[in-house]
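What follows is one chain in structure tokens, specifically the form predicted alone.
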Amino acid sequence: MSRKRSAVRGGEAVAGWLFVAPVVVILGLFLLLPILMALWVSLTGWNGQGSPFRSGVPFVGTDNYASLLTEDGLPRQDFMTSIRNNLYYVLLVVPIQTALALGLALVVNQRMLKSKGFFRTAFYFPSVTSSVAISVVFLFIFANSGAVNALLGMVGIQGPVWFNDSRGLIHILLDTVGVNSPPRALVDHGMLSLTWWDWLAGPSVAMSAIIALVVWTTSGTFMLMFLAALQNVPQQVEEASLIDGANRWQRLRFVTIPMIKPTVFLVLTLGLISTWHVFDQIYVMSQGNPAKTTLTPAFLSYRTAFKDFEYGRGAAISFVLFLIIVVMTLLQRWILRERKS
């Protein structure tokens, strides 16, 4: 009897592998194999001519990674500039889009709200629209004579030259209060090829426009995730909190958010990953300008490989970016972990 059971289980295992074999083969050919090929390219000095696996391609080992992380020079300065820009991008986009998505989900989840389908569609519509098309529209909106500057002019504020001003928002705010020159201590010292004054510049106005675009286009998708989670919250729990005298803010903080914590973690993780490899908006709207204040690691990898023909260094940038995303995701998971009382 035991032999018969083991034979049946063995047959089920073989059948299972036969069913998943096509997917395994496809993932291996179109996902794992290209990653391994890119890893090899990152260890070479391939310039895009011929095959990267031919004998004449120079093997440089970790030199491409050293030029980004340890060796002083323009490649390291550009890479650290892109990291700084992306850090400000992440620190602004992820919290804003998460809060906005949760707020929209709370609005459309109200039982007394009429035309729920219309509002859900309207809030979600920007997420399914072409990012390239929306980026072009935003270029006109944030032009020197665009709608944003026109609205600012109506209230007596002179709008900035959005995609030509390379100053960071923090520098602009300091300039308005009379701090026209940086402190010497922040200029003479720094970290990783950038001075402290450069690290503390804040996002440029061009990056701020891109941040506004990304928040507007991504909040709808995360709204649907929050909406699905909110609809799974038992109504009895909210009714019990009302009986206990909890107000709206207390119900949100102590009842709703703890019960949708897995969705909050999912939204934060997806937002973190997507913001670290932002590319299409940068490519369409700024190409990393002005003065590299919108340069991001993903766009720098593309520019290094396909414009400067340094494919090894471009691949190295992508793998360093992958490592950053993994570390940041693990850190976020540790912060949001379940803590035992």
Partner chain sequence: MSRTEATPGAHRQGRDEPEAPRRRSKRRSRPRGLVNTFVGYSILIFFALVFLYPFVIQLANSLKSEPDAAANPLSPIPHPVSFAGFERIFEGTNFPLWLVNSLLVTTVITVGRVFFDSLAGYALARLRFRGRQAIFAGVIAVMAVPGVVLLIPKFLVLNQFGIYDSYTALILPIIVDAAGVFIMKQFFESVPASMEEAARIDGASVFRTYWSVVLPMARPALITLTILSFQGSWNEFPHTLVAVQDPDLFTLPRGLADLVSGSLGAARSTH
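C-alpha atoms forming the largest set that superposes within 1.5 Å between two forms make up the rigid core. In this text, all values refer to a predicted model and were calculated from it rather than measured experimentally. Numbering follows the first chain given and starts at 1.
The same protein has a further form, the form predicted in complex with its partner chain, not shown here; the description that follows concerns it.
With the partner removed from view, the residue among A201, L104, M207, V94 that has a non-hydrogen atom within 4.5 Å of its partner chain in the model of the complex turns out to be L104. Residues with any non-hydrogen atom within 4.5 angstroms of its partner chain in the model of the complex fall in just one of 172-180, 227-235, 68-76, 261-269: 227-235. Looking at G314, you'd find a heavy atom of it within 4.5 angstroms of its partner chain in the model of the complex.
Using a 4.5 Å cutoff between non-hydrogen atoms, S301 counts as a contact of its partner chain in the model of the complex. At the 4.5 Å threshold, heavy atoms of V108 reach its partner chain in the model of the complex. Although the partner is absent here, P52 lies within 4.5 Å of its partner chain in the model of the complex, judged by heavy atoms. Looking at 20-59, the residues that come within 4.5 Å of its partner chain in the model of the complex, counting any heavy atom, are V20, P22, V23, V24, I26, L27, L29, F30, L31, L33, P34, I35, M37, A38, V41, W46, S51, P52, F53. In the core-superposed comparison between this form and the one not shown, the C-alpha atom of L272 has shifted by less than 2 angstroms. Superposition on the rigid core between this form and the one not shown places the CA atom of T70 less than 2 Å from its counterpart. P52 is among the residues whose C-alpha shifts by 2 Å or more between this form and the one not shown once the rigid core is aligned.
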